[in-house]
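Heads up, the chain below is alone and in the form predicted alone; it's given as structure tokens.
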């Protein structure tokens, strides 16, 4: 079966998985398939999708970024401190995003220039980012941001929450960038065969720095949206997004070996994880069981996806 047919089958399978999950949750709880809950699910998925966009670019090059949770927390805490100090919102937001982008850039330099293994470089960056956030916060929780800042996290444009609109724009931009531009094709080429990409003229170092920088930026955007939604910032706010972010990317069909996948698949993976958590909440399942169920769903979805790929070959 050729590559184009496989590329068509994979998203159909994932959408079918989402539909089956929705049907099962609707049967178990009649409140699931309501407009209010659907919007709630999509809004909850936005942060995971945004983190997953940058991770998708990194994993497409056969890399990994373990610092996204720390970067999310650092950007959220930095922006919160700047806002509480009276700095104008646009300035605080730009500085926060610059911090996240800088951490991503340094990750790219460590991996692309210094040649550290991605796991080691980004794991070290995670601890540095969390350490800086700890110094900023001193164990405190900052809350009470301006309403104009909070609008980005809780506001609406008509019936649609602002975070969903912003996330949709980012998804479209990343999908276009990765699939329709020369640099995007270089990212896929680098993940498919690093040596062949190098000899064909791809700037391996620049592409590596770029994807990690994008990952830092998207983690920073997620940090801003999270503080705006919660009207609070604290040290551990980014902890859940590392493994769930990677799981969303892998469940969406992006290969950890690089060179295969799309951000649209990452969106589906993030929605699957969010649907599971939402369904568990509606059914009153204790939070202590959530991680066990999520782990089982992730393993099942990835296993089925791998079997589908083997069948397609």
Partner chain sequence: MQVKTLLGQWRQIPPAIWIVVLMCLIYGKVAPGFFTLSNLTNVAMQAAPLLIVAVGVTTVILTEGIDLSVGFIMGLVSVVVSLLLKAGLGIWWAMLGGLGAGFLCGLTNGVMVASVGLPPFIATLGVGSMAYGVGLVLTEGQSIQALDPVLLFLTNGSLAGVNMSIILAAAVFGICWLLMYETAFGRNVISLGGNPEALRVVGVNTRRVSILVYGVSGLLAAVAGLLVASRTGSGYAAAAMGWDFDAIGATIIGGTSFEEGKGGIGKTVLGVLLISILRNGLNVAGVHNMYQFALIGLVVLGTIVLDVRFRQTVEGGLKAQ
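Since this is a predicted model, take the numbers as computed values, not measurements. Numbering follows the first chain given and starts at 1.
Form predicted together with its partner chain: not shown, discussed below.
In terms of contact with its partner chain in the predicted bound form, the residue from 123, 105, 156, 143 that brings a heavy atom within 4.5 Å is 123. The listed set 165, 152, 89, 132 contains one residue whose heavy atoms approach its partner chain in the predicted bound form to within 4.5 Å, identified as 132. Interface residue remark: residue 292 is counted as part of the site for its partner chain in the predicted bound form, having a heavy atom within 4.5 Å. Put simply, residue 231 is far from its partner chain in the predicted bound form: not one heavy atom of it is within 4.5 Å. At the 4.5 Å threshold, heavy atoms of residue 204 reach its partner chain in the predicted bound form.
Under a 4.5 angstroms non-hydrogen atom cutoff, its partner chain in the predicted bound form lacks residue 84 among its neighbouring residues. Contact with its partner chain, judged by heavy atoms within 4.5 Å in the predicted bound form, is confined among 93-101, 220-228, 191-199, 166-174 to 191-199.
Taking its partner chain as it sits in the predicted bound form, the stretch 85-117 comes within 4.5 angstroms of it through a non-hydrogen atom at 110, 113, 114, 115, 116, 117.
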